[in-house]
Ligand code: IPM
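Before any questions on how it binds or moves, here is one chain, the form predicted alone, in structure tokens.
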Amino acid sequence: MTHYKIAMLDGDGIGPEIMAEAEKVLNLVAERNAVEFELIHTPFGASAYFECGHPFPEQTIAICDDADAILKGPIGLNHEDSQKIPVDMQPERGALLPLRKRYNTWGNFRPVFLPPGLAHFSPIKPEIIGDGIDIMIIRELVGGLYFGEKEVGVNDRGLRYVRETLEYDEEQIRRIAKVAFETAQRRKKVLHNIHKSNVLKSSVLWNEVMEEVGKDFPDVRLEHILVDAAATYLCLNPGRFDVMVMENMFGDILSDQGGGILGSLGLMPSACVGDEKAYYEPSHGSAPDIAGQNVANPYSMIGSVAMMLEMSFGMQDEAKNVWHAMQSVFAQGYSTPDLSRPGSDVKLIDTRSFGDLVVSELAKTSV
């Protein structure tokens, strides 16, 4: 029997609630396959800061170092509570970026997926959605402004200033380009490269390297599109995109816009992959306003499990089964209050009930 260790970072806000539903799915997958998951819960984020004095404590680092994969819940607090934590210890700076840096998880995969049966979630007109939305956004995750040098101070005129550096080298660009072309090759053989080369010199180099890598993938059509135009087309004609690749900041913004065209970031799981380790997480925040109410939809958390099964453990069939199970629950008319308004044509259920229904549907699929 194959044994895997998974570091379970419950996170903040709704994190523990939706993580519990992901754990139900992992338990069923283990029961019906020759695999054993050792699930090790450990603090991470704001809750870890208040419990341990650091948002990414040493005990969590040790567990993550030893894990085969990391499943991470959302982190963060509301603005008022965030002020109780020193700036450099706030979860995004003190935990998330160090996690990415430690494991060099340079490739971020965010599926923007809305089959026709879920089209009612989207604010976009049905005639624009057409047969559904199926986009893979691939984002470089450990370069650019996020990881460039940062400086704050007072200049010689007595004015406060900030300086942040956007830096990429060709190796960073080449490795994300390669996985983007490989992904496009497995799909529709079209890759949209998102850039801002009319202003940013970093995008000029980015585009040059994209063209160079593209020579090794003659069957993939490479199309360059400015980031502002891409943002527009995501709303006006999302069907024109299949695989999109971009640098860190552009990916942060456009992938959240992807959640907007779906109708919620609650419908967007993600994978953050490095050469030796990966972590998987919902794209949405910790939603502290609804924490503890058992109303958050665990779709993105369970979807992140599906991505982990496929990308870290090679369990492609079970990953497909998990996706199918979640979509079946929605197709039967069920949803949670955070995704649907009272009075809409859905059967509202709570977080735990949604997870139970997913497990029930998953049990019906064949291994």
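Start at 1 and count along the sequence shown; that's the residue number. As the structure is a prediction and not an experimental result, all values here were calculated from the model.
One more form of this protein should be noted, the form predicted together with the named molecule, which is absent from this view; the next part is about it.
- The named molecule is not shown here, and in the model of the complex it never comes within 4.5 Å of any heavy atom of E247.
- Heavy atoms of L96 reach within 4.5 Å of the named molecule in the model of the complex, making it an interface residue.
- Taking the partner from the other structure, the named molecule in the model of the complex has a heavy atom within 4.5 Å of a heavy atom of R100.
- For the chain shown alone, E92 is a contact residue for the named molecule in the model of the complex, at least one non-hydrogen atom being within 4.5 angstroms.
- D252 is the sole member of D228, E167, E211, D252 with a non-hydrogen atom within 4.5 Å of the named molecule in the model of the complex.
- Site annotation in the model of the complex: the residue of F109, F181, Y146, F113 reaching within 4.5 Å of the named molecule with a heavy atom is Y146.
- The stretch that touches the named molecule in the model of the complex, counting heavy atoms within 4.5 Å, is 138-146, out of 171-179, 138-146, 198-206, 214-222.
- Residues of 256-281 placing a heavy atom within 4.5 Å of the named molecule in the model of the complex: E281 alone.
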